[in-house]
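Only one chain is shown below, in structure tokens, and it's the form predicted on its own.
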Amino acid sequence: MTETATRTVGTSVKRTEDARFLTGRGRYTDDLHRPGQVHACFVRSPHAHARVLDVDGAPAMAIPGVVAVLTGADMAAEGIGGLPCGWQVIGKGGVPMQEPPHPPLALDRVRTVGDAVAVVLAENRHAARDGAEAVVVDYDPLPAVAHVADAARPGAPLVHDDVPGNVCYDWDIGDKAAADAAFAGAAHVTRLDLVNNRLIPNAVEPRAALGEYDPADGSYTLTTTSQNPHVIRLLMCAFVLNLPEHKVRVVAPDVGGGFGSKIFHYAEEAVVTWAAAKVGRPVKWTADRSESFMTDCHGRDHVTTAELALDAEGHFVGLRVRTLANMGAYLSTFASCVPTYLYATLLAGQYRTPAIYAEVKALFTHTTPVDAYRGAGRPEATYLLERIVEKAAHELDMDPADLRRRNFIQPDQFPYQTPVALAYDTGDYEASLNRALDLSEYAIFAERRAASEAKGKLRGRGLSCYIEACGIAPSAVAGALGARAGLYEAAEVRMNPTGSVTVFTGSHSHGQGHETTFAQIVADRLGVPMANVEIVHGDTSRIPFGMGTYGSRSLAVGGSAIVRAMDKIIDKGRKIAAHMLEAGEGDVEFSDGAFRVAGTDRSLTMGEVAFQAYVPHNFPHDTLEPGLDESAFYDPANFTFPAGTYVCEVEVDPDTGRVSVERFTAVDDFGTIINPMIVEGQVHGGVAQGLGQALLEGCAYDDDGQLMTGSYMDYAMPRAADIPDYRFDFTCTPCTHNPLGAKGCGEAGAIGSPPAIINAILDALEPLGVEDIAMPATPLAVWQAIQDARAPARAAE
């Protein structure tokens, strides 16, 4: 039996999972070893574009320890399909997007550096690598195109021969006529050209996969570094390997970070699963870091022109946006929806802009596929919007905070239908702005600027008022927009006979702290100690069919499914308690872990009721079945809409171009917060990633499609010394359509921080005449911008 637990929701409970992570007891895919396993090493193209004339594996087979060399032709001979895209976009005029095939191992053509043409299986990792280097591939190099603007030009090399102009889709949203009319009558128009730089995800744990085959029953097991094991099983079975799902188990154990890059179904997962049956032995693959740089899906990579129209009082009247979005060489699992339904639908931001029109042209290039990366479309939208709003404020000689405040959607206007499909349910944007201004000591910024100038430094301040959409929903609407999967979540809650609780969730944890926050919710609602709550996830053979974790959906969607299942537990428990207490069901109340007959001192703990459910000696057999185990699915009625205000202050050394983030203030509205410490940690991490994009990180290809930033020697990640002290606070307008009132927090920091940082740099450089700077604003880029701004004056001398 259990005692009533102390309430924990809303408190900073330490993460229970950290005990194993911090002591090296985590269980990751690469930790696993199976008897008789072989190691896989992929033979990857050194060319961005080439015909594959021949693949000769004989030299590799002569190397001791090599077991097999398998090629795309071997897979094609067995009818293995291509990797699917999970979202269909319909472009202008009802034209469907182009979906060229993506074979797990390339056949007659490679289309990006790192495209796999064969896999070598060997007794150990070293022999596999030696074998891969020995495979002889005869390539006929072809012209390549690496940059999205170049891919759009007439005569550009085609990535796929049957995709004219490299155009995957040409899509739009909003009212073009209304937007054009708004601009025709505008008192002021601000224009901005910008690039949202391509990023390479860098989770602590590289991708890995272990495929197994059991000839006794023809079943397969794939252990993989995935954010959504059920989705991987569905895609791999239905589209690639053509296997019945009940014959395939997918397990995602501890996963060391994902940030979106581990959502997708990758070729290596399908190859090792198929190959395990081919050789009759488990097949294991772990990427090295250079391989990850080439093959993990990249993020962002937009080229955009935006125009903001304002009236004479500074009210926004129209917004027009034209974006070229790089898809890479193939369509990754959710790539198509990122620059459309996760980007253009957020262009209203926090503002009452009555007319918005956006055009997005997605193009193929000879580069690594681009897909969702922390924020997935929302950072791109926020960067565009908050950059152009800040620029408009400077052009109008207005305080950037005042211009934003003038255009905010007001609390009494919710629910608010935007011009770009989404309908916000609730919010109070001015409350977040005001709190951020207070915390950042906005009013006395001039004093700090003067102090910086006295040291020979330039100080600037930038704002960003972001909004994001979390927990894509509902399934029916998402399906109408092209989603090829449901967007619900599932949970099973099992009260055990002694009163402990096991929760099986379709959500997946890869660093978010689910084992703690989900347990907090369960402990509070059922009145059991947190220590008596077990959270199970990541194994398709144990958990209900769920959609995994991405898009800050875990608590709002996965947590709501758990709440629904607990409601069923409580309802059944009330019936059992009423029978045991010889009371009417309507007279039995449940609170603090106990069922009580109203107005009396008669009660039973949840543990006592659970024991009776499994040892049903005094049980209503005529109306109920024994046991206390309930499942629920939760399909949200709408997205949730976290929002907030970030204020950044930087110092710029005009002699070196070095930027130092001196202050950073974040005020977020995440609705109901379960664990403030975990939420603050999520924002910490997000801001660090946003700072990386703004100041350090930039994936670069040369004109021939060769990756120029293929290691940490070339691709700069944030270090501890780059991260400022943060000031955090929260406001709260609870979500109106889920039982927790939660909105999601995992991506906010990465969404709101880049424009705040770049706006601050431009504010610092404005006295020098610098009007724009691209991300990443490295010391060289900042120094060059300063030199370019000074050039006219020097020429005049």
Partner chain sequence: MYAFEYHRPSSIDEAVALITSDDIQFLSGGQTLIPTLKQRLAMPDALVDLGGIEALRGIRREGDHVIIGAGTRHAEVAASDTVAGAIPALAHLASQIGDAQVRNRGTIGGSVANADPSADYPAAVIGLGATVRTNRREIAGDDYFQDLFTTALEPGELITEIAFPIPEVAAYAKFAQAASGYAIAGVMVARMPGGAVRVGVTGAAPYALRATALEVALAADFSPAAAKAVTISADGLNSDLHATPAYRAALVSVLAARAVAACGG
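Positions refer to the first chain, counted from 1. None of these values were measured; they are calculated from a predicted model.
The discussion below concerns the form predicted together with its partner chain, not included here.
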Partner contact check in the model of the complex: of 591-599, 655-663, 73-81, 442-450, the stretch with a heavy atom within 4.5 Å of its partner chain is 655-663
Select from the listed residues E585, D402, E133, D311 the one whose heavy atoms reach within 4.5 Å of its partner chain in the model of the complex.
E133
Can you pick the one in A700, L581, V563, L624 that has a heavy atom within 4.5 Å of its partner chain in the model of the complex?
A700
Give a yes/no on whether D108 approaches its partner chain to within 4.5 Å in the model of the complex, heavy atoms considered.
no
Against its partner chain in the model of the complex, would M708 count as a contact residue? Criterion: heavy atoms within 4.5 Å.
yes
How about A480 - does it come within 4.5 Å of its partner chain in the model of the complex, if we only consider non-hydrogen atoms?
no
Does its partner chain come within 4.5 Å of any heavy atom of R719 in the model of the complex?
yes
Given a 4.5 Å distance limit between heavy atoms, list every residue of 279-300 close to its partner chain in the model of the complex, or none if there are none.
S290
